[in-house]
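We begin with a single chain expressed as structure tokens, specifically the form predicted alone.
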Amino acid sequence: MIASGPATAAQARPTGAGAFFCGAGLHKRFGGVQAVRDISLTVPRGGVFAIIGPNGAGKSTLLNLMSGLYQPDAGRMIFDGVDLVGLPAHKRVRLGLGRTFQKIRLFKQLSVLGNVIAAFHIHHDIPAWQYVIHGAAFERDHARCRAEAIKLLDFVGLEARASVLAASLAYGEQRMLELARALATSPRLLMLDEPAAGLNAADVERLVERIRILRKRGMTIIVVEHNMDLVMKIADRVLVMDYGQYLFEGTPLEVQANSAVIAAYLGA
């Protein structure tokens, strides 16, 4: 794997052998801004991997590279043996990469239930003509999607709000609806971009509990987050970025004790 930073830091970084997701030497520039510079990461299967850093560190840009919203200027990405570079976002979703967004992207004029049902389209397997003339296969598929969507809404605590418009939800509820919609794509790797942003303490605890349940079910989760309490509660490993570059990677306890991380956050 391509190394960056001091030799001691590079030696501490994982090699990517047997990784569920592996990125190596990722770069992304926007005009004169180097948003991501030589970032490498290895995400093992079945855990929670957090990406943290000060504002402008390049965290969301890295997630956009992983999900296919952006393509890297250089570097490689492998997901469960599949090369992702050049692959568009919708094809990555079919492979099992799901995500939420820092800025909520709901269909505001659809119902809560309709938002979740819409996400199932990525896995529909019925003849195209049945979308025009609704046959038996369409009805069975729609019933299945509706039943699964209700289960997901129950999981995030929104089943009672299924029939209301998404636009009428409180901010925290919209966050949970985004999570349900991402889960509807049947992800094997779920990427959460600032999932706790704007949530009150009770909502954050509910979010933490749901992430723990998903991990117990075997889902691999990547979290980009500013809420350090949340990160320290759920993460198995933490990658720290600063100015688009690798700063440190380790367990939550190692991150909390690292002087370079403390300096980056406190401006020492």
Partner chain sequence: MLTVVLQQGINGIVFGSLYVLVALGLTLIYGVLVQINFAHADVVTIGAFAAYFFTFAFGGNYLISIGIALMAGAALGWLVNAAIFAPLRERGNELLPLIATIGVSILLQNAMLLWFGPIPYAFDSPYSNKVIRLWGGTFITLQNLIIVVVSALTIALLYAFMKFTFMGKALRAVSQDRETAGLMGVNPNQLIMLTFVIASALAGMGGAMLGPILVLTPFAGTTVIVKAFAIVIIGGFGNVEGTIIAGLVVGLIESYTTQFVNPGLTDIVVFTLLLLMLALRPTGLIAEKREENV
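Residue numbers count along the first chain shown, from 1. Bear in mind the structure is a predicted one, so any value in this text is a computation, not a measurement.
Another form exists, predicted in complex with the partner chain; not displayed. Remarks below refer to it.
- Site residues A19, R45 and F49 are none of them in contact with the partner chain in the predicted complex, judged by any heavy atom within 4.5 Å.
- Of the candidate stretches 150-158, 194-202, 103-111, 76-84, only 103-111 contains residues with a heavy atom within 4.5 Å of the partner chain in the predicted complex.
- Between the options V33, I213, M228, L69, the residue in contact with the partner chain in the predicted complex by a heavy atom within 4.5 angstroms is L69.
- The partner chain is not shown here, and in the predicted complex it never comes within 4.5 Å of any heavy atom of T220.
- Taking the partner from elsewhere, R237 is found to have every heavy atom lying beyond 4.5 Å of the partner chain in the predicted complex.
- Within this chain, K28 lines the site of the partner chain in the predicted complex, having a heavy atom no more than 4.5 Å away.
- In the predicted complex, the partner chain stays beyond 4.5 Å of every heavy atom belonging to S40.
- If you take 42-65 and check each residue for a heavy atom within 4.5 Å of the partner chain in the predicted complex, you get just N64.
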